[in-house]
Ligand SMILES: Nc1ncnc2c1ncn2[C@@H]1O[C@H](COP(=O)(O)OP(=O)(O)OP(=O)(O)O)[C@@H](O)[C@H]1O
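So this first bit is one chain, no partners, the form predicted on its own, shown in structure tokens.
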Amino acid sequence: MNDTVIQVADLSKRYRLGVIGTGTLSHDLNRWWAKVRGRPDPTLKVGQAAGGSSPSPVGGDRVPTSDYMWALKDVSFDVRRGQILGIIGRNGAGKSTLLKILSRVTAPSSGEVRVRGRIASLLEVGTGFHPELTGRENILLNGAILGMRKAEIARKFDEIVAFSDVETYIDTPVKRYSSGMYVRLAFAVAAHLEPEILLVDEVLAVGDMAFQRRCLGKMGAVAKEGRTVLFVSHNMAAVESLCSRGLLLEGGRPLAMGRTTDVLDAYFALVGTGGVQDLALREDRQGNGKLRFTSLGFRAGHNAGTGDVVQCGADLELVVGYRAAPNLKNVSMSIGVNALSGQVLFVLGNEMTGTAWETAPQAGCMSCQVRRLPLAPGQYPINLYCEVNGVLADWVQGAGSLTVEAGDFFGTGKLPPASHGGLLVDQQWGLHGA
């Protein structure tokens, strides 16, 4: 029996920049009529090929014009029943475009996609919800869209409401829901109405930590039931703990596919090529936006590493760029350093050390110096968190990754094996007789 439920072969998606159609309705009609009659596209420039590319001056492969960009290019992979595939990559890598094609929200420019099974998609907050309908009505509507009978939906209804924790507002139009309520109900509907395939984009970042843990647990349970999950996230710890396989995209092309640990290594090698992580365009964040992180960088001590690679035991400075509203007061900043498993190893915070920032410039950077970095060799995801006057302003999970290489932490050239944990403790031993 063939257990493959998703087959993607040579999938590509191209967009024309800044233009919808060919500019006018008459051009679109002329273009369609020419295609029906088997004639050339009358809207193309002289020497331009169909699809917007121009012949190479030496007669070789056609080179795309600057009016077009490839969101995906020659992507191929298979997913088996019961697998959880983590799809990772930097912003603009093509992750969301891939899920939209699999969900049939948009069509590919070329290539083939074969899907066996019913798909439920959670691509953005409120996907598939009608804002004027209540939560109850949207549950019924989504179940009907998935092809379920009313009795099937009724059997799952109480479980959906309990998971989403919106029972008090279930008969309120969803247009009045907060973004957190919206996404809780949307995920509960998508996960509980028994689709064979569940597609989840970064929208889980909208929920709080407790809800995220519930979602990750539910996706694991869905896979154990023999259903398939495709999970897009910037939270590398969640991908590590949840996914059995990974796919790394870069510039619309597949860069690595295979075991999750191998794909994560490839991702960290990719993002580690520069010492500063750009956070300005990250959309998977929480907070009221009064302060927004724009960058994360690392500065290692002399001869102790470069960029985001540092030796254990070296001095390290973490530098966080930001932009803020004017006249912000009582700014509290925290930096969380995690293991790949998601376990928090330690948290740095200005208030812990008695450093108070009563006011903050509108743009600048916050820095924290760590003496004798107590981390064993490995990869460590970094989370950034900021409150202004006790209210969450910005929270970016997986804001960057710190690579730690072997160093002489104890002055003996020896380190504990990797299986003994990620933290190093400065210690002194003695032996005393009775």
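Quick note: we count residues from 1 along the sequence shown, nothing fancier. As the structure is a prediction and not an experimental result, all values here were calculated from the model.
Only in words, not in the display: the form predicted in complex with the ligand, which the text now covers.
Trainee: Residue-level contact is defined here as any heavy atom of the residue lying within 4.5 Å of the ligand in the predicted complex; does residue 349 satisfy this criterion?
Mentor: No, residue 349 stays farther than 4.5 Å from the ligand in the predicted complex.
Trainee: Examine residue 103 and determine whether its closest non-hydrogen atom to the ligand in the predicted complex is within 4.5 angstroms.
Mentor: Residue 103 lies outside the contact set for the ligand.
Trainee: Is there a non-hydrogen atom of residue 91 within 4.5 angstroms of a non-hydrogen atom of the ligand in the predicted complex?
Mentor: Heavy-atom contact with the ligand at 4.5 Å: present for residue 91.
Trainee: Would you please decide whether residue 69 lies within 4.5 angstroms of the ligand in the predicted complex, comparing each non-hydrogen atom pair?
Mentor: Residue 69 belongs to the contact set for the ligand.
Trainee: Among 324 to 332, 94 to 102, 217 to 225, 188 to 196, which stretch has residues with heavy atoms no more than 4.5 Å from the ligand in the predicted complex?
Mentor: One stretch meets the cut-off, namely 94 to 102.
Trainee: Out of 234, 81, 292, 73, which one falls within 4.5 Å of the ligand in the predicted complex, going by heavy atoms?
Mentor: The residue from 234, 81, 292, 73 that makes the contact is 234.
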